[in-house]
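As a starting point, one isolated chain is supplied in structure tokens, in the form predicted alone.
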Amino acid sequence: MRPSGRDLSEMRAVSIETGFTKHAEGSCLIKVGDTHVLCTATIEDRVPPFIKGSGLGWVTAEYGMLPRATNTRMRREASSGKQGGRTVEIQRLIGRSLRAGVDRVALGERQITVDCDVIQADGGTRCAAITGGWVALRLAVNKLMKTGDVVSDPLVDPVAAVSSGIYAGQPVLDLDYPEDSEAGVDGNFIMTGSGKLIEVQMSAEGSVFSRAQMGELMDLAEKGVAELVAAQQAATK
């Protein structure tokens, strides 16, 4: 029934290649089906002015898509002189999602910036960016701990994200672009490894949904996040 031939509760193939770039303190290339995102983490001994002197650390994110990540070329946002609303919304989502799994006291007064660059898009880029972003963050923090700059692990719980929605009247997990573009209901679920919710984004794209259907989508998302967290842990062990 699904264009990809997957079962309703089946994720796309997930792979995470760590150490993908030479210079970043943490990096990975995450592939979720045909969605590929490069994630890097940069450590800086500074924090934003609004928390300077507080002893708290900060995790932030930036997000972008290469011009030919999609089937037609997109204009680079830099050429227009500003970021689009979608880009700003997604990078804020990534930043606050990752911060939910961080003990900012243990991190100390430093900032880690996670850059997520979409190389190829086939649906679910924000979810892949959050999931891969956590891996890059984990690797960067490992370096801080190895050098003794951080004593106790500030990453208290893994963070991952997945989509689920109603496609052709059926609840499905991990929508690719053909499904996403035709879905009656579309949702993004950001969760911790212990199963706690960080954020839920749901909307009726073409048909309304019931509370029971929302529960079905939540169940699918829990399954998907558990699989993603297992992939994160395998990549960073």
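The numbering used is simple: start at 1 and walk along the sequence shown. Computed from a predicted model, the values in this text were never measured in an experiment.
Keep in mind the form predicted in complex with another copy of the chain is missing from the figure; the text below concerns it.
Exercise. Might S79 be said to contact another copy of the chain in the predicted complex, defining contact as any heavy atom within 4.5 Å?
Worked result: Result yes; S79 sits at the interface with another copy of the chain in the predicted complex.
Exercise. Would E182 sit within 4.5 Å of another copy of the chain in the predicted complex, counting heavy atoms only?
Worked result: No.
Problem set entry | Distance check, Q170 to another copy of the chain in the predicted complex, heavy atom within 4.5 Å | Contact check for Q170: no, nothing within 4.5 Å of another copy of the chain in the predicted complex.
For this session: Answer yes if any heavy atom of S15 is within 4.5 Å of a heavy atom of another copy of the chain in the predicted complex; otherwise answer no.
Result: S15 lies outside the contact set for another copy of the chain.
Exercise. Which of these stretches, 145-153, 117-125, 131-139, 162-170, has heavy atoms within 4.5 Å of another copy of the chain in the predicted complex?
Worked result: Of the options, only 117-125 has residues within 4.5 Å of the partner.
Exercise. What residues of 159-183, in sequence order, lie within 4.5 Å of another copy of the chain in the predicted complex by heavy atom?
Worked result: Sequence-ordered list is empty.
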